[in-house]
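Presented below, as structure tokens, is a lone chain in the form predicted on its own.
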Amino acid sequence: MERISQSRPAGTLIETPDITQDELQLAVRNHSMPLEALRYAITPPGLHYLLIHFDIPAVDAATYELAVGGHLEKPLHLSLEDLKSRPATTLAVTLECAGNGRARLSPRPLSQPWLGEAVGTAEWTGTSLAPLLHEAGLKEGAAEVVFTGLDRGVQGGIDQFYERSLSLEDAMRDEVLLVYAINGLPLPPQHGFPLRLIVPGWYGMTHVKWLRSVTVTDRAFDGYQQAAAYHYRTVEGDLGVPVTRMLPRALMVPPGVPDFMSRTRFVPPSIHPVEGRAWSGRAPIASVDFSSDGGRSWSAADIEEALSPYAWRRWTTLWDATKPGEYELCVRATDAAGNIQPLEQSWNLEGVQNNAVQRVRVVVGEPDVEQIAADTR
């Protein structure tokens, strides 16, 4: 990897709340999932959140080949048809960006400015990685598996292909898939065509797209995306803790109708059904709580079964909104390991693993147009 000078690397802190040109460049290339799409158990591909680190590579499926090598007895070279001919698995998996919620931090790390909707759930079809590695013959001392994409760019002053690794133990789990289809259709270019990695339960940076190689190593991988990026740290120079599995999070479909700019919601006085989804990569979701007073008091929501152990769960509740006024709706998830969403933002240098509760401003009654205008000035 060649080191190149770079004036403002990802992770630079921005004291001003104003959006920067750099962030706009990222925001127009990537997109979050509209919250109303939480109504779908399986997110349509065009609504699923999307983050493209560098550029979408041009790949010809007819000549595509995946190299499987490194610390193996019999390295493999597999065409897309070779991979499709292997036993296939379809699995519903929720993916969330590790930087979800970053834009709400202050000071704000300069990177993709997610608010809270960088998530989606799809049915991914592919073949399990473990049998392929067994077939290739793992040599004694195999320690990690490195996944390298075809997308290349500069980050942290380093010219690199995007690549991440898993420990051999994590890579050999049955649910780790080499995927070539989403929701029954071939992967679109932006989602990793023709082949990508899916690691259920882990944040999105792990799911390497446009796979060019899978390499088994006998030592820890020290590439930029693994050793420098995606670490939870609060002090410059500290290595921090690597980001791995998703923390619990719940989101709601905001009720009523929105103001165009502020997204303040308006509902008539009534009993309103409220719904959403909750997930965790650490353990199954155990409970979801709802609040209409900004988190001062909570009531339990009903939760439904998930489509798979790695997919979000739908939750529903009834909100008594018969009294006109302004409310702050919140929702929080707790998983079976006891992890619970915090009420406040979890500040860190990269803006990762921020799973603070969602807050939605709702006005019960007729819109106060003058007040809305004043609030958005």
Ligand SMILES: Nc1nc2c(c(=O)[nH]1)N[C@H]1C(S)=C(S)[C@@H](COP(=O)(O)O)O[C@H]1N2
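Don't overthink the numbering: it's just position in the shown sequence, from 1. Everything numeric in this text was worked out from a predicted model, so none of it was measured.
What comes next is about the form predicted together with this ligand, which is not displayed.
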{"property": "One residue of D259, D151, E123, E275 in contact with this ligand, assessed in the predicted complex (non-hydrogen atom, 4.5 angstroms)", "result": "D151"}
{"property": "One residue of Y180, Y162, F290, W279 in contact with this ligand, assessed in the predicted complex (non-hydrogen atom, 4.5 angstroms)", "result": "Y162"}
{"property": "Stretch in contact, per heavy atom within 4.5 angstroms of this ligand in the predicted complex, of 82-90, 299-307, 171-179, 143-151", "result": "143-151"}
{"property": "Every residue of H53, R196 and G204 near this ligand in the predicted complex, heavy atom within 4.5 Å", "result": "yes"}
{"property": "This ligand contact in the predicted complex: H71, any heavy atom under 4.5 Å", "result": "no"}
{"property": "4.5 Å heavy atom contact, L95 and this ligand in the predicted complex", "result": "yes"}
{"property": "In the predicted complex, V208 touching this ligand (heavy atom, 4.5 Å)", "result": "yes"}
{"property": "Y327, heavy atom within 4.5 angstroms of this ligand in the predicted complex", "result": "no"}
{"property": "In the predicted complex: members of 176-196 within 4.5 Å of this ligand, any heavy atom", "result": "Q190, H191, R196"}
